[in-house]
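First, one chain by itself: the form predicted on its own, in structure tokens.
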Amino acid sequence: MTPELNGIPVSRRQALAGLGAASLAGALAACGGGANAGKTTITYLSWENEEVARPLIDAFETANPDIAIDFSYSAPTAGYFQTLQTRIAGNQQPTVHRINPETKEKLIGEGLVADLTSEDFMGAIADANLRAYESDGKIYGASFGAWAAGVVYNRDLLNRNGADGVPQTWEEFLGLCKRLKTAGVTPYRESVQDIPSMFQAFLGAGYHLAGDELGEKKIFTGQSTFSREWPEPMRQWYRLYEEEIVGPESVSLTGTQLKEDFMAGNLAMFVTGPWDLTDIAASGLDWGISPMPAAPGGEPFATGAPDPGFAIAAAAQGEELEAARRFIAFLASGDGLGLAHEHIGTLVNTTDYTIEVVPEYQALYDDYLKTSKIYLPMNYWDHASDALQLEGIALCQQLVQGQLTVEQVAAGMDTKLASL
């Protein structure tokens, strides 16, 4: 499941304004004037706004008085990469910027980012985060956090119907949903304004059990197809509709509607992640969160993904390159990770640092996020992931409305990929 990180696009004029500011700052630094005289200046295009990013910048500059950071910001996700592309086109690529699955093909394929594989700060990064920014055995992004989503449940409603939590097998989960429905309780709802989270988790669980680190990347190397990978886990997820546990209204439901319905006590279970937990905790409900149940032949799993990684421009050389390395090393340090969690909310999943999370989320954090038992298909799609995601959503919506079969959805994805 994709968490609700709605992109806030910026206009071309705004992007160019950012480029102008960066150019001016670079010119001033080159002149050796101002408070940064005598320092090595690196440019940093931040994913977070200055209010939350500033504590990390200030802490780094205090610890490294010979380095200055020329900070700029663009909102994720579409606007950020529009700004980055504009700067790259203008030969003003920031020294340090973010890389994510949607952009790694271009950034790595065109040789725009540095190989970070051998850097010391990569040593504690989780497997899922390494895989997210790997190409041909080299790692190009340093990612120190992740998110994991699971099934949030109303403990009172489940207890009254004979369950003390979310069942860990799919058959038991479907059985509980039917008991709740018979008792007059809305058992489970989901939004199909994204590719359904339960299906995504079924995919990830299957690959994990098989020891298959390529996942759906195989589709993009010609080793497999959507028609081969998707039907079985999708058939299991689609039983929610065949067995009339949920209905086609899922097409129009939003995550916010589901959260509000749950907090009002009208819904027993739905899928969400860290972005909703503060509101749910404040609602006064007795609640919990669990991994997705295991489909037949699978295991419980979580939908989730590594955070965007930090990348260094391949053009950086000499003192600029060394300063960029020191900046990312700081972000990977205990001080940096602590500040990232405190001010940005990063759910740190390196092997050498642990954060505190709300008690209800602890098991999902320890047993799934930190052990890389998380999966998001788009992280494995090597190109055109935005277009394919939109196609996948449209096809799933037609499926739950009875207009397509599972096999037609998978074949539709192959057709779309062939057209891109």
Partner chain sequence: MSRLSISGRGGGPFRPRGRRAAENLAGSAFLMPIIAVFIILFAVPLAQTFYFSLTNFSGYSTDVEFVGLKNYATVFSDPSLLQGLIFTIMFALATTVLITVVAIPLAVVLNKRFLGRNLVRSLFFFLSVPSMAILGLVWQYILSPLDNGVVNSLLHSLFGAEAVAWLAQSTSARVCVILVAVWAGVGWHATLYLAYLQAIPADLYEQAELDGAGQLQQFRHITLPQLAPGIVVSTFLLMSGGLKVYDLPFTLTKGGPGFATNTLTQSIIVQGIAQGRADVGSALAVIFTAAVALIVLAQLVVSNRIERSLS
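Not measured: the values here are computed from a predicted model. Residue numbers count along the first chain shown, from 1.
What comes next is about the form predicted together with the partner chain, which does not appear here.
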Applying a 4.5 Å heavy atom distance criterion, does A418 contact the partner chain in the predicted complex?
no
Partner proximity in the predicted complex: I289 to the partner chain, non-hydrogen atom cutoff 4.5 Å
no
Would Q317 count as a contact of the partner chain in the predicted complex, using a 4.5 angstroms cut-off between non-hydrogen atoms?
no
4.5 angstroms heavy atom contact with the partner chain in the predicted complex for R189
yes
Go through 298-306, 144-152, 255-263, 229-237 and give me the stretch that gets within 4.5 Å of the partner chain in the predicted complex, heavy atoms only.
255-263
Looking at T225, Q92, S333, Q85 here, can you tell me which has any non-hydrogen atom within 4.5 angstroms of the partner chain in the predicted complex?
Q85
Work out which of Y207, F81, F270, F121 lies within 4.5 Å of the partner chain in the predicted complex, going by heavy atoms.
F81
Tell me whether T41, D66 and N379, taken together, all sit within 4.5 Å of the partner chain in the predicted complex, counting heavy atoms only.
no
Using a 4.5 Å heavy atom cutoff, which residues in 383-405 contact the partner chain in the predicted complex? It's fine if the answer is none.
D386, A387, L390, E391, A394, Q397, Q398, Q401, Q403
